[in-house]
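The chain that follows stands alone, in the form predicted on its own, written as C-alpha cells.
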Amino acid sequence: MDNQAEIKVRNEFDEWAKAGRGEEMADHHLPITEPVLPLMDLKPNDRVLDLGCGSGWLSRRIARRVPEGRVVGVDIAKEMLHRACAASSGYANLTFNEGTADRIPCDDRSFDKIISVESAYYWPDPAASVREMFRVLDAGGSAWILINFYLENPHSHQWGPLLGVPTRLLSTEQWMRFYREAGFVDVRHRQIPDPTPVPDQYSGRWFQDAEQMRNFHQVGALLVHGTRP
C-alpha cells in the first residue's frame, strides 16, 4: 500500500473508533454476517483470521465457536485494535495484531478459515490481498469476503465519495477472478439480503430515501469464497 494512502486509511478508522463507530458496526453488519457463519462450517479447533476486524465484534463471536482453536483479528487502525483488546480480555483464544490485507502479519498456512466483513473495498490492491489470504491459509482452508459496496448493488454506489478514503467498486466477476488467479478452487458467490426493517422515512446521508435503502437491503451483500487446494 502507498504510504500516504495507508496513513489516510489508518487515520480515518482511528477517528471512527474514537467516535464509537467500531461498536456500531456490530449492529449494522450482524444481520448479513450471521447467515455466513454456518456456511463457513467452523470446527471447534479451527484457526480463524478476522481480516479488518475493527473493534473485534466478529472476532469475539467466532472465538466462542472455536473453543479449542484460536482467532486472530488484524486491522490497520491502532485505536480500533485498542478497543478490540479492551473488550476481549476474557477470551484466551483471541489475539489482535496490527497489519494490512496485503501484508498480513502471520506465517504461511496459519489458518483454516479467513473472513473479512465490510473491509475488502478499502484494499488498495485487492488482488495482492487475496493472494495474501491464500498464503496464510492451510491446505483445505477457505477464505470468505462479505461486502455491501460492489458493482451489482447500485443502491450502494453513492457511498464512494462519502466514505472519506479511497474505495474500489468492483464486480462479482472481478472478485472471483482475484480468487482464481491466486490459486483458490471451488470459487463461489451468493448475495445475502439484509432483513433489517427499513423505516418509513429516511433522512440519513447514505441513501436518497427509504425506498433506496429498502432496495439496497433486498439486493443484499456480496459473499465470495474459495478453498485453498
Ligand SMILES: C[S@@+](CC[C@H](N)C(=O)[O-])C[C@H]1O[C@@H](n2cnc3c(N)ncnc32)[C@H](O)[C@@H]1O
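Everything numeric in this text was worked out from a predicted model, so none of it was measured. Don't overthink the numbering: it's just position in the shown sequence, from 1.
FYI, the form predicted together with the named molecule isn't displayed, but the following is about it.
Residues Gly54, Ala77 and Glu118 are all found to lie within 4.5 Å of the named molecule in the predicted complex, as judged by heavy atom distances. Only one listed stretch (54-62, 37-45, 200-208, 172-180) carries heavy atoms within 4.5 Å of the named molecule in the predicted complex, and that stretch is 54-62. Of the heavy atoms in Met25, some are within 4.5 Å of the named molecule in the predicted complex. The closest non-hydrogen atom of Trp123 lies within 4.5 Å of the named molecule in the predicted complex. Put simply, Thr100 is close to the named molecule in the predicted complex: some heavy atom of it is within 4.5 Å. Within this chain, Val9 lines the site of the named molecule in the predicted complex, having a heavy atom no more than 4.5 Å away.
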